[in-house]
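What follows is a pair of forms of the same protein chain, given separately as structure tokens and numbered structure 1 and structure 2.
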Structure 1
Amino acid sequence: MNAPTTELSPIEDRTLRAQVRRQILDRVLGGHFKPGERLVETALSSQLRVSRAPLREALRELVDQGILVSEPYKGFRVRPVSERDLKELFSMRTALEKFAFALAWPLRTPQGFAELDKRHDDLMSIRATGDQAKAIECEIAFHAWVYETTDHRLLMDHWARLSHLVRIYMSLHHNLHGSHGEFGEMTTRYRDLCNGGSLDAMLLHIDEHMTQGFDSVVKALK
């Protein structure tokens, strides 16, 4: 019954809460709500034409996804970003993704490779169009491949949490610095190594990939 999707296809958010959550997330990733900015419930409530109950629940879910932060009686704010946070995000991604590859390596299949190829091509072509929001989703989907291959639900949960932060930084990077299509070869090399015979080479490449990504974002933020 469930499509084998990641959370890419909303299809339809059944509850108002889910719709609100998506709208706020879009505003954050789109740069309308900037890091550190205060979100006032009554204002949001009237803007989005929803009552405070589902709004507050949506906000709490975004807190648990790491998009927002909250303190009792002080309300919600967009998560502030720092170089330290970014550093932690990349080191965490590196550790999780290495773990994922170690698990996924013997589980790779021809169908899996075909799917990875598809996501690779989608990513490359959407990058060319300059549609930032879609490019981010494609980038996430591309990297999600290895996690899905592990068939490890808990690991996928933790990746999902990380991916939200990745989205924030990618959108920030783009909003500040413009597109970053300069990683084309890196992406293709990543795909080829996934399809190759050496796990060690793959793990080594992840370190490089992450380090380069980190440097690039840091440079853009400064």
Structure 2
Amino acid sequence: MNAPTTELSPIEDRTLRAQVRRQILDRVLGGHFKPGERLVETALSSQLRVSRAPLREALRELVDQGILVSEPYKGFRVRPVSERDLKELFSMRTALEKFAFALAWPLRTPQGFAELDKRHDDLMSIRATGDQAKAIECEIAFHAWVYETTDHRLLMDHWARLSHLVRIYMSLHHNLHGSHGEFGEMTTRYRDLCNGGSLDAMLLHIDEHMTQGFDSVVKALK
């Protein structure tokens, strides 16, 4: 019988990789790296002052999340966005969000409403600073509330995967329209309907909200 090994395993610098991933993601969400833009590893490594190993780990993680794509002999680039991509994203997100509200509606609680109010206020505060990347993360958290309320694990897993593509859409939308007053009005309307008594009104608002966003982004792409 072999004796158990006494050797220690190498320690991975996950914190460094996470910091690299965060900075690149922020540049994508902030509109500095455009859809389809190629990322040059040597330049990124120099600017971030990190070796290629943690950089490539961070880039591959962003590929797994659908933020970047990797092409043989060409390296990494920001995921390009087509009209078909947007159609599929909007149809899937609309269906998931309406399904989530149908499940969550009888499960809402005063504590849940308080949490939604907090996320709404956080989003409004961040938008006022002009930090687009952080605003998008707050917006993702705001919309995640209904999925968390369902406590439906498979549904939450689907939202977690879809949310990475939603981030890219939100970045496009912010770059096209900015964080003007209409955003605040729509977000507050969404929050009020979540707290309200009509599921039908909530579902109708989701349809209208998604259609309006889709039409504006597709028009700009064309």
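All residue numbers here refer to structure 1's sequence, counted from 1. Model, not experiment: these values are computed from the prediction. The term rigid core refers to the most C-alpha atoms you can superpose between the two forms while keeping them within 1.5 Å.
- Between the two copies of this chain, it is structure 2 that is the form predicted on its own.
- Once the rigid core is used as the reference frame, the Cα position of Asp192 differs between structures 1 and 2 by less than 2 Å.
- With a cut-off of 2 Å and the rigid core superposed, Pro106 has a Cα displacement that falls short of the cut-off between structures 1 and 2.
- Relative to the superposed core, Glu41 undergoes a Cα shift of 2 Å or more between structures 1 and 2.
- For Ser51, the displacement of the CA atom between structures 1 and 2, after superposition on the rigid core, amounts to 9.5 Å.
- Taking the core as reference, the C-alpha deviation of Asp26 between structures 1 and 2 is 4.9 Å.
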